[in-house]
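What follows is one chain in C-alpha cells, specifically the form predicted on its own.
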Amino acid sequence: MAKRALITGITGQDGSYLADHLLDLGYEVFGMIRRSSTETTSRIEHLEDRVEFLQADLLDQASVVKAVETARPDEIYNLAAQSFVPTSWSQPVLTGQFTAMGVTRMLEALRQVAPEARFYQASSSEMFGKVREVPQNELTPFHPRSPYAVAKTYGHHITINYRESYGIFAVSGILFNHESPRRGREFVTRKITDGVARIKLGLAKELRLGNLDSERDWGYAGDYVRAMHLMLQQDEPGDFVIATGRTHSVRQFLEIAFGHVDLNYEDYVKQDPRFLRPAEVDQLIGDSSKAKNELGWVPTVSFEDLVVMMVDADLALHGA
C-alpha cells in the first residue's frame, strides 16, 4: 500500500519540489493550502491532478486537525511559515503565529489524531544568527537575529519537546539557504537572476540590492528535499544540518549571474540602504557530515551550476 504524506506549505519552493520527489517514490500526497484571495499555486500547477489539496490554516487549530484526520498520513512535512526575513521585522507577531505557534498546532494535531505519523519540521540556519563557531553543526548554540529566526528557534525546540515528551517520531532539518528557479522573487538570489534576465533583454536598466558582502551557504532546493525524506526513513528520530559546506557572497553570485550573459554586474547594480537588515547574521556555513554519514546524503548541484540554472530559467520566463 502506498505511503501517505501531508505537506504544509506545498505551494512554496520546497513544498513543490518535495511533492515532485514523493510522487516519484510512489507516495499518495496531500497538500495543505490556505484559502487566499490571490492565486499562489503556480509552482504546483503541474501537480494538480496528482495531489489532493486540503484547505486549512496554521492559525486555525480545528482546520489543522481536520486536515490531518482527512489525510491519515504516514508522514507530515511542516514546511509552511512566514519565511521572508525582512517581512518578519515589519510583521513580527504574525511571523510568530505562523512560524512558531503553527508548529505547535501541527504537533498537537498529530498527537491527537495521528500519533504514529512521522513529523518533519523545517528548521533554518538563520537560528544560528550571531554564530558561536564556523562551520555550524547540530550542536552549535543558537543566537537568532531576526523575528523569523526567533520563531524558527521556537519551532525547533517545540519539535524536540514533543519527541522527548510524547515519544513522537519528530525531526528537524536545519537547512541552510537553498535556491532554485522556483524561489520567490523577494529573495536575493531570485531577485538577482530575474534582474539579470530583465537587464539582458532590455526590460530593466538597474538592480538595487542591500549588502553585497553578505555570505551564505547556498545549495539547490531539489537536493535538500531529498534529505527531508531521508530523515523520516531512519530507525531513530534525529536532527540534521543540511548544507553544502561552501560559502559565497552576494557579490560572487552577481559575478556568475551577470557573467553568464556576458555583462559586468558593476555596470548595473546599485546598493540601496532600504534593503539592509537591522541586524545582519554572521558567516553561515554548515557542516552536514552527520547527514552524509547517517543519511548518505550529499548535494549534487554546485553553486555555479545553480546560479546558471536560475538565470537560464528566468531568461526563458521572460521570453529569451
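One-based numbering along the sequence shown. It should be emphasised that the depicted structure is a prediction, and the values quoted were computed from it without experimental measurement.
The same protein also has a form predicted in complex with a small molecule, omitted here; what follows describes it.
- Relative to the small molecule in the predicted complex, residues Thr11, Leu79 and Lys152 are all within 4.5 Å by at least one heavy atom.
- For the chain shown alone, Phe240 is not a contact residue for the small molecule in the predicted complex, no non-hydrogen atom being within 4.5 angstroms.
- Not displayed here, the small molecule is approached by Ala56 to within 4.5 Å at the level of heavy atoms in the predicted complex.
- Using a 4.5 angstroms limit between non-hydrogen atoms, Met32 touches the small molecule in the predicted complex.
- Proximity of Thr95 to the small molecule in the predicted complex falls outside the 4.5 Å heavy atom cutoff.
- Segments offered: 131-139, 172-180, 108-116, 153-161. Contacting the small molecule in the predicted complex at heavy atom distances within 4.5 Å is 172-180.
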